[in-house]
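This document opens with one chain alone, in structure tokens, the form predicted on its own.
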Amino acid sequence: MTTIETPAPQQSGTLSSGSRLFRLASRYGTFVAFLALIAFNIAVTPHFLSWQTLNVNLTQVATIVIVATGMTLVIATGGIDLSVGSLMAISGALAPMIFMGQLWPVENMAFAVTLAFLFPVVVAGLFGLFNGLLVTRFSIQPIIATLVLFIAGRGIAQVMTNGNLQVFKNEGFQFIAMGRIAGVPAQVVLMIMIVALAAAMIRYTVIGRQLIAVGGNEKAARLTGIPVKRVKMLVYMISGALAGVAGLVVVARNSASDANLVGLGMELDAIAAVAVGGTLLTGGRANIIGTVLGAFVIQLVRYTLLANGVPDAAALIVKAGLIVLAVFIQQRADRR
């Protein structure tokens, strides 16, 4: 009896080339989009190639990068942090209260300004730790756990200030946003330092490898002896502290603290920067440099729309579209 062998089905060349295309888009798409936005603005937007435009974009993107760096660490563990905007409001409300003498009399202004830098960041970090406790100790889904402070945090900031606008002028405190170091805006230098430290932590430290392992396969990480709960609590604390730093930069730049507006919508910008930058929203990957590029893309999209007469509200739709597109590319690129 003759046996007829049926050839094994082969993947079509179209699917193979499509898979390669999505992988390339996942790896280099953000950089290409960044270059495309620059090219478009050079050709269309008046005065784009000027120091003033560069300064505006760098100072506006700095807070997004700072918050998105912390968000990258959280998302790399498979979590998410919706409270960053509210923690910015708390930090931004608390700092002026310290050096303006609303909490206790100010006897030494230098000490008060130093405390205004440190204490709000510590408080924001502790609120981040609270988020981590809800996620780890009580097994609450991260999106629900951080929703608590997303809602309550801004309310706390409003209660602290009685809903009033705090206007101030303090050169020592405002140096973090208005000052320059070797001609570079201080907030940009701060952004670079935070990004460098986070990238080094991911690449060269044990905790960096542990948080990637936790996001990749939490059960396997626990079986290998990685302190999963401790790692998650740490990244939420870092995310909260960085949100606190960003809050200080915003109020120092504005010479005023408004608990209703500081950090409003920052969670969307941070998540968009992380997603566009190539970090998987399901965890297991942390691309800090990609997040920086993603933040620049988000900022340039907003700048491009505003500079060409498109309402700011339209930028929200574009940001949401960028998140959807980034997640779609990631999912297709990961298919085998």
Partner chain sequence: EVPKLTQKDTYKVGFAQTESNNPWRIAQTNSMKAEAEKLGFQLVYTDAAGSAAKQVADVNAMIAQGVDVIFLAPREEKPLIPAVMAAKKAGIPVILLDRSVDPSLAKAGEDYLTFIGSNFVEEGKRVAEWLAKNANGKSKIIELEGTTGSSPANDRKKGFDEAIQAAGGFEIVASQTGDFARDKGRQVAEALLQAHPDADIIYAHNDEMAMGAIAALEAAGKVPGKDVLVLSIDGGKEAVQAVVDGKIAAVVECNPRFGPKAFETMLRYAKGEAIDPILVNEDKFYDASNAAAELANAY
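Positions refer to the first chain, counted from 1. Superpose the two forms; the largest set of C-alphas matching within 1.5 Å is the rigid core. Predicted model only: the values in this text are computed from it and were never measured.
The form predicted together with the partner chain is left out here; the points below concern that form.
- Partner contacts here mean any heavy atom within 4.5 Å of the partner chain in the predicted bound form, and among 111-119, 94-102, 231-239, 256-264 they occur only in 256-264.
- Within 4.5 Å of the partner chain in the predicted bound form, a heavy atom is found for all three of Gln52, Leu165 and Val250.
- The partner chain in the predicted bound form is approached by Ala307, whose closest heavy atom lies within 4.5 angstroms of it.
- Although the partner is absent here, Val56 lies within 4.5 Å of the partner chain in the predicted bound form, judged by heavy atoms.
- Pro311: CA moves 2 Å or more between the shown form and the other one after rigid-core fitting.
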